[in-house]
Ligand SMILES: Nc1ncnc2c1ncn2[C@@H]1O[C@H](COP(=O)(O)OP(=O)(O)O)[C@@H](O)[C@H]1O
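Okay, here we've got a single chain as structure tokens, the form predicted alone, with questions on binding and movement later.
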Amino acid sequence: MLPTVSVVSVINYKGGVGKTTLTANVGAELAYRGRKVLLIDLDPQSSLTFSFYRPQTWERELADERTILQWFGSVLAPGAPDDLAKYVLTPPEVNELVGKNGAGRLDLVASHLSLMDADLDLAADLGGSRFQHGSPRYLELHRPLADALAGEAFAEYDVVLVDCPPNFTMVTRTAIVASDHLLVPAKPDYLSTLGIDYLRRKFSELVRDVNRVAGPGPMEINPVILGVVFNMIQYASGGSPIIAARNYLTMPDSVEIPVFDQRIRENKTLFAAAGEQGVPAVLVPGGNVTVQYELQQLASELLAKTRS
């Protein structure tokens, strides 16, 4: 029996909430602690990919053959899909730092700016945007990532973090079906918290529909929402979040979604420059120690909640 790998999808309907930043930093911190971590970039914006590879390198070395777009192309083609392991990269700069601290490793499956095309093709093969449950390919087209990650090549990983696009289309659905847990980053403001209840309802509908088609057995899914992580928080001089943010910090309670204890403050100086050299903020030498500590604590809380 293969070791259990914890798969966590990071998702929010609202963009600009720091979803990619949290994925990159938590992943890097866990790798620095000695764990083997795989990041999967499913967002067509490819920001997670560009956190570890410069756009010129991506264009020259990855774009044509080594991204998740080509893998989804193989899923849609006749015959067995490619082994996803073929698309796994090991970003050099961050792993140079990680390797100095132990046996951890941070790997990445890169995204592509044209990934939306694969999303549309998946929906079309299923019979349209309503994701008909009667389609004979319903499970096949919802499970490619789940089946790929169940392979022996991925048994060495402790954690897989999937950076999802801010939507609930087919690519996102494949991530959720493959996941054990969901992590929901949010800013403490109206627009960022508005879609949390809608996300919860869509998530519940997907789990129900997949399990209805799968029936009892190994293809049933039971992912759990770990909670909301409040991010990019502005603090007043007294050390508390600014008044404008405080009401939103309790909003998930009203829809019965847990909230992580650890919050991440806004620091444009640290986060703006991080990633340009292929190293997330949490590992940047000489970075803001307060923010780095918060990211480290978030990684610890994630481990505790997933029991990894």
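Numbering starts at 1 and follows the sequence shown. Keep in mind that what you see is a predicted model, and the values were worked out from it rather than measured.
This next part talks about the form predicted in complex with this ligand, which is not shown.
In the predicted complex, do Pro223, Lys305 and Arg307 all reach within 4.5 Å of this ligand through at least one heavy atom apiece?
No, none of the three is in contact.
Which one, 107 to 115, 231 to 239, 211 to 219, 75 to 83, holds residues whose non-hydrogen atoms are within 4.5 Å of this ligand in the predicted complex?
Every other range fails; the passing one is 231 to 239.
Partner proximity in the predicted complex: Leu69 to this ligand, non-hydrogen atom cutoff 4.5 Å
No, Leu69 sits far enough from this ligand in the predicted complex that none of its heavy atoms falls within 4.5 Å.
Would Gly287 show up as a contact with this ligand in the predicted complex if we use heavy atoms at 4.5 Å?
Heavy-atom contact with this ligand at 4.5 Å: absent for Gly287.
Against this ligand in the predicted complex, would Arg265 count as a contact residue? Criterion: heavy atoms within 4.5 Å.
Yes, Arg265 is a contact residue.
Heavy atoms within 4.5 Å of this ligand in the predicted complex: does Phe271 have any?
Flag for Phe271 set to yes.
So which bits of 18 to 34 sit within 4.5 Å of this ligand in the predicted complex, heavy atoms only?
Going through 18 to 34 in order - heavy atoms within 4.5 Å of this ligand in the predicted complex - the hits are Gly18, Lys19, Thr20, Thr21.
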